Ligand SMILES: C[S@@+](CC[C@H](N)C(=O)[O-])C[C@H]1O[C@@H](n2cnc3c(N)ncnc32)[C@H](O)[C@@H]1O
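One chain comes next, on its own, written out as structure tokens in the form predicted on its own.
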């Protein structure tokens, strides 16, 4: 529930035609945000033409959607508490084996590039947070006999410094750097094979996500892959409860807002296709609780 596939898919082509003629990055950011906003505004009218279930779903989603920022999105939020939220998210991810699921999603792409070109596969993770997935990706790839060079990044220097300490403690080859995910101009074209972002898509507006995808496709010679929680009522029974078990009020606060900000898979498709007009865009569900957006060279 809350995916609205029946109503949204009917108008994706219409919104692409209306908003797809952007000429520069500023217009792309504006077009993507306006397209998703219009998609959401018109859901109720379109759902009225369908069964009662569609109308109830649209009404509930309207109540749940929010623009309220998470603590992690506040630049002046206490850095120590910010790190505490990230550590709580890391514990939650280990609890639900999230990192292993993310690796299984990426592994076929890594294998494909490794077999095709017989060289080190270069992976850049944006918005790395705790850095745990970047470190796990490097370890697991090595166990599977895959030659992978992983670079993690984050906008906040305190996150990057904490990640560097973890990497050094593990004697890992993973490197971390401060990087603005909306401005990748300092990176050479084709510097990486894959650009990946996990569990962070909902932190960005549709326009910001479109900018991230568009710029990542210049940097990544193979694909951009975004993995985030699936917009679903079922997660409301799981994620906040985990925060209670971990005794983190800050994590509970942010997790509830997170659930209200997840994109639907049709919205991800719309943003991806606006940002990458000459690339293949695929959106799928990774059971049981994730949505995966892959934008790859045609």
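These figures come from a predicted structure and were not determined experimentally. Numbering follows the first chain given and starts at 1.
Just so it is clear, the following notes concern the form predicted in complex with this ligand, a form of the same protein that is not shown.
> Pick the stretch from 128-136, 166-174, 217-225, 114-122 whose residues have a heavy atom within 4.5 Å of this ligand in the predicted bound form.
Going by heavy atoms within 4.5 Å, the stretch is 128-136.
> Counting any non-hydrogen atom inside 4.5 Å, which residue from 72, 162, 211, 110 sits next to this ligand in the predicted bound form?
The option sitting close enough to the partner is 72.
> Looking at 187, 106, 86, 148, which has any heavy atom no more than 4.5 Å from this ligand in the predicted bound form?
Looking at 187, 106, 86, 148 one by one, just 86 meets the 4.5 Å heavy-atom criterion.
> Could you tell me if residue 180 has a non-hydrogen atom within 4.5 Å of this ligand in the predicted bound form?
Yes, residue 180 lies within 4.5 Å of this ligand in the predicted bound form.
> With heavy atoms only and a cut-off of 4.5 Å, decide whether residue 192 touches this ligand in the predicted bound form.
It does not: once this ligand is placed as it appears in the predicted bound form, residue 192 has no heavy atom within 4.5 Å of it.
> Are any of the heavy atoms in residue 77 no more than 4.5 Å from a heavy atom of this ligand in the predicted bound form?
Close contact is absent here: in the predicted bound form, residue 77 is far from this ligand, nothing within 4.5 Å, heavy atoms only.
> Is any part of 179-208 within 4.5 angstroms of this ligand in the predicted bound form by a non-hydrogen atom, and which residues would that be?
The stretch 179-208, when checked against this ligand in the predicted bound form, contributes 179, 180, 181, 182, 198, 199, 200, 203, 204 at the 4.5 Å heavy-atom cut-off.
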